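Here we start with a single chain on its own, the form predicted alone, put down as structure tokens.
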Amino acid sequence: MKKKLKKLLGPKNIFLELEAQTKSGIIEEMIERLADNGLIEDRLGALKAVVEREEKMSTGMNNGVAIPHGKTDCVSKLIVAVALKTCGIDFGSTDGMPSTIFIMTISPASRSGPHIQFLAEVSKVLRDSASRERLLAAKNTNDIITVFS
């Protein structure tokens, strides 16, 4: 699976420093960047799917990690993004800490396997505090890909 993880990540879906200052801004910026890089055609459909999921329950986890995600048939395959915001923002995390590492998935509504496998692999990396520190210290996309591979 590590090879698949590495295959899913690249310069078009890794964002070293987000500019947004709010939870909704982070989601919007990640969707916009994915669309600008040609990975999403229907930005509004993708945004709607992620926002609706976020409204049900926050995807802010522990240790500065947030995993905003959505399912929609406006994508035909799993789309992922990894983004950083080193100063952190309130994402409604379960531990009350600001989120600094954002893992977004947008997957077809008709398929459940790929995004679950991706999140399982990513979660293994993010559980390790040293890996989270290496992500936040990343200087380029290759640094991030190295942490996940």
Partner chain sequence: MQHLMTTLVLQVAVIVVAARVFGLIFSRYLKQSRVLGELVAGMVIGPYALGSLNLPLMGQSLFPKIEAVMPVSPELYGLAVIASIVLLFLAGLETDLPTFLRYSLMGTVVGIGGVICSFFLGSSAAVLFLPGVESFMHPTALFLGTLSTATSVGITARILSEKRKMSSPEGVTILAGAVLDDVLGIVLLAVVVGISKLGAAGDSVEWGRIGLIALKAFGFWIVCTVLGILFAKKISKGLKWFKSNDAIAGVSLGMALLLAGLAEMAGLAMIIGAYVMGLSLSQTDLAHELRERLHGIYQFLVPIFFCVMGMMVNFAAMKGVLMFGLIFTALAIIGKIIGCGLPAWLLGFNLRGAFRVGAGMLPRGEVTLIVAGIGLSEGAIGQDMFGVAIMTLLIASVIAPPVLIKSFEGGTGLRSRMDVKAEEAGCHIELNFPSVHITSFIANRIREAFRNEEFYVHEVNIEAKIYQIRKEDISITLIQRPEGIELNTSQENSHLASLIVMEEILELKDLLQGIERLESPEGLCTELASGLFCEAFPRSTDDKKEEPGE
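Just so we're clear, the structure is a prediction, and the values are computed from it rather than from any experiment. Numbering follows the first chain given and starts at 1.
The discussion below concerns the form predicted in complex with its partner chain, not included here.
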Checklist outcome for this item: Students should find that, of 117, 62, 37, 86, the residue having a non-hydrogen atom no more than 4.5 angstroms from its partner chain in the predicted complex is 117
Next on the checklist: With a cut-off of 4.5 Å between heavy atoms, is residue 67 one of the residues that contacts its partner chain in the predicted complex?
Outcome noted: yes
Item to check | Contact test in the predicted complex: residue 33 vs its partner chain, heavy atoms, 4.5 Å | outcome: no
Next on the checklist: Against its partner chain in the predicted complex, would residue 127 count as a contact residue? Criterion: heavy atoms within 4.5 Å.
Outcome noted: yes
Checklist entry - With the cut-off set at 4.5 Å between non-hydrogen atoms, does residue 53 touch its partner chain in the predicted complex? => result yes
Next on the checklist: I have 57, 113 and 123 flagged as a candidate spot, so tell me whether each of them has a non-hydrogen atom within 4.5 Å of its partner chain in the predicted complex.
Outcome noted: yes
